[in-house]
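Taking the form predicted on its own, here's one chain by itself in structure tokens.
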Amino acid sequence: MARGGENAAAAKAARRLAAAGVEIVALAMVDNAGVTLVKCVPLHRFEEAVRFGIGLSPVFSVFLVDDSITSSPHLGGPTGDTRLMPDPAAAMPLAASPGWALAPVDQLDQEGAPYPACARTFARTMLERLASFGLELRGAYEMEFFLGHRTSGAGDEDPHPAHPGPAYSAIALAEVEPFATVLIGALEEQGTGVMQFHPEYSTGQLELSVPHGTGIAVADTNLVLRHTVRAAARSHGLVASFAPVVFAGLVGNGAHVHLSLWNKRGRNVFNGGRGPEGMTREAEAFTAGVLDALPALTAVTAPSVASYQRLQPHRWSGPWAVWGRENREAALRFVTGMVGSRPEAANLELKSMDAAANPYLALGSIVAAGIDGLEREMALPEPVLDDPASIPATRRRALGIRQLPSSLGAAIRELERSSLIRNAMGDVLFDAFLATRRGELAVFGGMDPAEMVRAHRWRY
């Protein structure tokens, strides 16, 4: 954007935020450990921040989830600076946090060039490449989270869940109804919106779906959603955790992404074609590219040591590198939608993801894999419509059915071999991300499951 247009957009956003009662703006980014970081400015400094940014050390690109620091071939140490450049159009007043707004940022260097380890820039670049195929991505993250009371004693004590079940029940809803009222009201008021909310399967677990956004807004909304959940919880003396697993041995929290592709004629290419389940050739090729890259993608979408306590068979977490219509054990679940709604509703769900994932890195990597499928004109294998774990191992091998990596170490090895993801991210971002994965494996890999869960429970 030219400087004059940038200044006008900042001024317009500042007026919009002021009219909503905003006094302070949190400038937000997500690091390679999946933690959302913020720097805050009073509203009267927002326009200046849009023009010149707010400083942040490059070392945050190699922070681990426990706030320890590793290094990569390109990053590490106390020198250098990046500028957090808020996107004025994406700044969102937070209804559950009166007086506050959240603005996602891009990172630049001090010369005004894109910082090569900026996750948001990476995602937007991949979306721009997708646009060169005449396709626009629409989608949303579907979030599961734990709600409960954090104990006041030692940090390793288990929290008290806000509901004990039964799963999906009206009984559980009654326990969390006051929180739900505040949360849904806030999301509707601020324009995020709500598709559905319900108690989930695990103890204290809830799920929230929001309307689909377009392009980079898919990831931006994820930041707003998490902050709104935490603020609504705080108003009732509760805390929320988006950690992959909150209690060792129980079902964990997913962060599934639903996406569809729309062409320049305004048509959803996941419907109305002659390919599998009504996909067009473009939709099939994109899906096949994602499927082919899934083993390496797993290090991006399930990047925590704790992720692999969740990503197991029989937990509907999508641990199998297969696709299938409405198959919730498949990493790629194809959703046609109800008859009559399919031109708008048909979409692809990637289930093998949790909220330890940086939503920008995950989105960008998925799109990069889909573009690879488009470029290579890939075709899908036969769908898998049964639980792969119920198929005898010899039959699975004959069908080419693979389980996704079952540990972070195995996922790292797949990622290390992926020229696709390295080339898409670029060496600086890829090596920084890989360094954080290796660093967290070294810190947490030897812990017993309960200790590992406690170490991650309140980091997401």
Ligand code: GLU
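Note that residue numbering follows the sequence shown and begins at 1. All values reported here derive from a predicted model rather than from experimental measurement.
There is also a form predicted together with the named molecule; it is not shown, and the following applies to it.
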| request: Look up in the model of the complex whether H227 has a non-hydrogen atom within 4.5 angstroms of the named molecule, and give yes or no. | output: no
| field | 4.5 Å heavy atom contact, N222 and the named molecule in the model of the complex | value | no
| task | Verify the contact flag for F133: yes if a non-hydrogen atom of it lies within 4.5 Å of a non-hydrogen atom of the named molecule in the model of the complex, no if not. | result | no
| the named molecule contact in the model of the complex: V251, any heavy atom under 4.5 Å | yes
| remark: Given 294-302, 311-319, 265-273, 211-219, the stretch touching the named molecule in the model of the complex at heavy atoms within 4.5 Å is 311-319
| query | Of these, T287, S241, N347, Q205, which has a heavy atom no more than 4.5 Å from the named molecule in the model of the complex? | reply | Q205
| field | E282, D87, E277, E144 - the one with a heavy atom within 4.5 Å of the named molecule in the model of the complex | value | E144
| Considering only 351-375, what residues come within 4.5 Å of the named molecule in the model of the complex, judged by heavy atoms? | K351
